[in-house]
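One chain follows as structure tokens, the form predicted alone.
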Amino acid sequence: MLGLNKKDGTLLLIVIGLTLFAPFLLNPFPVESELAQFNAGYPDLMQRFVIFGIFAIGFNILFGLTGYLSFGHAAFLGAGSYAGVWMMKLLSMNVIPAIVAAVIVAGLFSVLIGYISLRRSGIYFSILTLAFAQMSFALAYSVLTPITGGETGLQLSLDDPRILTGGAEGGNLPVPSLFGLEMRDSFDLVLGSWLFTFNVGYYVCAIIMIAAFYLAIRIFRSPFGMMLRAVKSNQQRMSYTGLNSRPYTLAAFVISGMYAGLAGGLMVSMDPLAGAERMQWTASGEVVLMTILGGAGTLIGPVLGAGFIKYFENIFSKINDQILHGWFAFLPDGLENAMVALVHPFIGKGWHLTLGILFMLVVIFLPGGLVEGGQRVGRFAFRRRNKKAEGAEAEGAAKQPAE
């Protein structure tokens, strides 16, 4: 299917199914249920799942295949965001020019940074990318304010030219759209006590993520991907054979940067605002956590890691003491208050503590990330099924009369 083998084709179908049916899968609890707070099927969060999934997929092409750990990929995310907003200010609110410009600008920016940074490897490469990202953040925040908007960020205004569609009409700012379909348009489906929301912006992002995932599969399985694996395995031995690894690593760096730019362009396509905070080192560290948590070097791992972290950030962080008292209301007052005090540091603003503990557990017990955990569960279930089948065969053989 589409040039993929059976295993990769099945994986692509799984990703397609998960993204298309996400409004159902992420809203498992009825609206009036006490557990409804764990539902994640609302448009803003679903968009974040797929956008950061694209960001992590691109980062995995560099880190997972070549082993080069970049701490500066947020610079390309921010550059793509700024380019996207400028396209909306200058051309039109159609998201296509914004997304295309974001990918191109991030690609050109990554060529510059990659050409310099890839002269070193290991920790020196990581420090160089971090330095470039922090310089980009400082420039965007305080130096290039006419272009970036400084600390207030770059946003739309009523007097923007938008030469292809005209300025604002009726004194209201226009909204991002795709050939007449507004990104914020949604359709609510009520089935009994369940509410499912289908958002235009989410499905635009989802289709692009599926295409990005398919491209990543082709890169992983291509001769180019094999060369990148050779770089990760033993770059020195590769150079002894007469092969120059620099063009391959630079190409991987640029492709990864363009993925980050695509994610930045999609961000402003959903919410036309770009700020310097998207270039901070914390944003770069977040995509590193996503990739490692999900499974570096695997295809679907970064997507799972992105969804896991964004779920904690947006759902788990909203649990407060009032919700905890509702959970433990069946206990005596003294014990209820004790349980709330015990759990309080791990929820709400303390969600980073819980995420850190889970990250340590995954790194210690599942070095291959969430994908390795799924593989272990699958192997365990497969062994149990085989044992049952063997037991049934032995029992059947024992019942047959001896000849």
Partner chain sequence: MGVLEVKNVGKRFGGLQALGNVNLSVKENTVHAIIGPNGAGKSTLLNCLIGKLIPDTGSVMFDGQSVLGRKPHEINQMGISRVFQTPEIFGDLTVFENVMIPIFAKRDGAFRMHAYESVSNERDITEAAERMLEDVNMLDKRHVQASSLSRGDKRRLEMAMCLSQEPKLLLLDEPTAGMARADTNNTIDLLKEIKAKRNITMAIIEHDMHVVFSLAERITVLAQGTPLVEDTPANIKGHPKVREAYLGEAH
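Numbering follows the first chain given and starts at 1. From a predicted model like this one, the values you see are computed outputs, not experimental measurements.
The same protein also exists as the form predicted together with its partner chain; that form is not shown, yet it is the one meant from here on.
S.K.: Could you tell me which stretch in 73-81, 237-245, 301-309, 324-332 has residues with non-hydrogen atoms within 4.5 Å of its partner chain in the model of the complex?
M.R.: Only one stretch qualifies here: 237-245.
S.K.: Is residue 115 close enough to its partner chain in the model of the complex to count, meaning some heavy atom within 4.5 Å?
M.R.: No, no contact at 4.5 Å.
S.K.: Is there any non-hydrogen atom of residue 223 lying within 4.5 Å of its partner chain in the model of the complex?
M.R.: Answer yes; at least one heavy atom of residue 223 falls within 4.5 Å of its partner chain in the model of the complex.
S.K.: Taking heavy atoms only, is residue 282 within 4.5 angstroms of its partner chain in the model of the complex?
M.R.: Residue 282 lies outside the contact set for its partner chain.
S.K.: I'd like to check something about residue 251: if you look in the model of the complex, is any of its heavy atoms closer than or equal to 4.5 Å to a heavy atom of its partner chain?
M.R.: Taking the distances in the model of the complex, the answer for residue 251 is yes, it comes within 4.5 Å of its partner chain.
S.K.: Among 207, 181, 219, 108, which has any heavy atom within 4.5 Å of its partner chain in the model of the complex?
M.R.: Of the listed residues, the single hit is 219.
S.K.: Work out which of 104, 230, 315, 96 lies within 4.5 Å of its partner chain in the model of the complex, going by heavy atoms.
M.R.: The option sitting close enough to the partner is 230.
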